[in-house]
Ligand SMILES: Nc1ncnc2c1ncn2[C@@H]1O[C@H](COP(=O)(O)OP(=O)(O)OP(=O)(O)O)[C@@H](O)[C@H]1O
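For reference, the chain that follows is the form predicted alone, supplied as structure tokens.
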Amino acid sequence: MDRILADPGVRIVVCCGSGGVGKTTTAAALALRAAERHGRRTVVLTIDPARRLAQSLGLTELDNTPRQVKGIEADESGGELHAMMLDMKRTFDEVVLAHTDPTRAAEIFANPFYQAMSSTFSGTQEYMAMEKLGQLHARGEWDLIVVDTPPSRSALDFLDAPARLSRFLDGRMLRLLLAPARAGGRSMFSLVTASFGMFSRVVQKVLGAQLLTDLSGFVAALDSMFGGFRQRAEQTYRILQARETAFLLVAAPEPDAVREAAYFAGRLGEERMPLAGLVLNRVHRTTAEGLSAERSRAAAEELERSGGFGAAADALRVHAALAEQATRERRVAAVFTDAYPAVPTVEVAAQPADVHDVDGLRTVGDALSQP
């Protein structure tokens, strides 16, 4: 991991995996280590609305603008650490402002369909995460950008968002909705009725006239921006395929998380995106590897029969349970490591408490960088 963080040719590290596996903590720990140990000017972009990252870095809040983290131990290395949290709607607004004139932007912002899409539509967060990554990369202000991908139902949503947007922009229904604006102002309903008769009445009845009007207005207002959306999505996708990017899969030793990581590894291979390694978080191990769970339980029973050493018997039972858990976790992790033996894997031991400060992030960073 230190080789990745120190490599000036690596400008982007993307931490991805299913929700609840420690992506945010991993991303923050890596960014902190890159700044403190390797002297890199680093920004970490989190998509986590729980604000754990801000708290662990000693910041009162994070927003859509990078904020420098003070008080880190980077005087000798010369590194800097900045942090930000994606604001999905604000990022969408910034895109609109950058690619339309003020009058058209005001029309778009006032449209109810835009207000819903920019705040709540499925896939918008993932696409805007890609958009923000492209913006940060284009500015060229940081040596390293560390991305904590959205806590989606599926980790693949992050990669699929640009393609889904392109399908939406190229869809037959979207072209139909654009037709009224391109037909010299003829109304949506007269055009549809003339073309489809009964179908239009059914659509209007199901969706409602106002929704169709809002949607048609939204599509017409964004018409001039569609090519830009697609172009930027394709540019960011190419960046993710480049050698300057390193993908890190993050998983806990649980069946669903490891299975998701394996699916993602396969997808990265298909898309020719550089997979740097697997981070296996919250791993349990025993310090007495030679003492099996069976021997430990047998010893505990023998101590109890002898009528003493109750505390020792309890400790042996705790050890037995931990040894069994470690065995289960190794079996689960093997689903990935057997399928992808060439992918480097680093294990991070389960921490006794949640990581909530910079010292905790340093501990995780040290564990991540073990050979």
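Not measured: the values here are computed from a predicted model. Numbering starts at 1 and follows the sequence shown.
Not pictured, yet referred to below: the form predicted in complex with the named molecule.
Using a 4.5 Å cut on heavy atoms, which of R282, H137, R232, K89 is close to the named molecule in the model of the complex? The residue from R282, H137, R232, K89 that makes the contact is R282.
Distance check, V358 to the named molecule in the model of the complex, heavy atom within 4.5 Å: Answer no; every heavy atom of V358 is more than 4.5 Å from the named molecule in the model of the complex.
Classify V14 as contacting or not contacting the named molecule in the model of the complex by the rule of any non-hydrogen atom within 4.5 angstroms, answering yes or no. Close contact is absent here: in the model of the complex, V14 is far from the named molecule, nothing within 4.5 Å, heavy atoms only.
Hey, in the model of the complex, does D256 get a heavy atom within 4.5 angstroms of the named molecule? So D256 counts as contacting the named molecule.
With the named molecule left out here, work out from 66 to 74, 322 to 330, 37 to 45, 342 to 350 which stretch has heavy atoms within 4.5 Å of it in the model of the complex. Result of the contact check: 342 to 350.
Within 11 to 39, the residues that have a heavy atom no more than 4.5 Å from the named molecule in the model of the complex: The stretch touches the partner through S18, G19, G20, V21, G22, K23, T24, T25.
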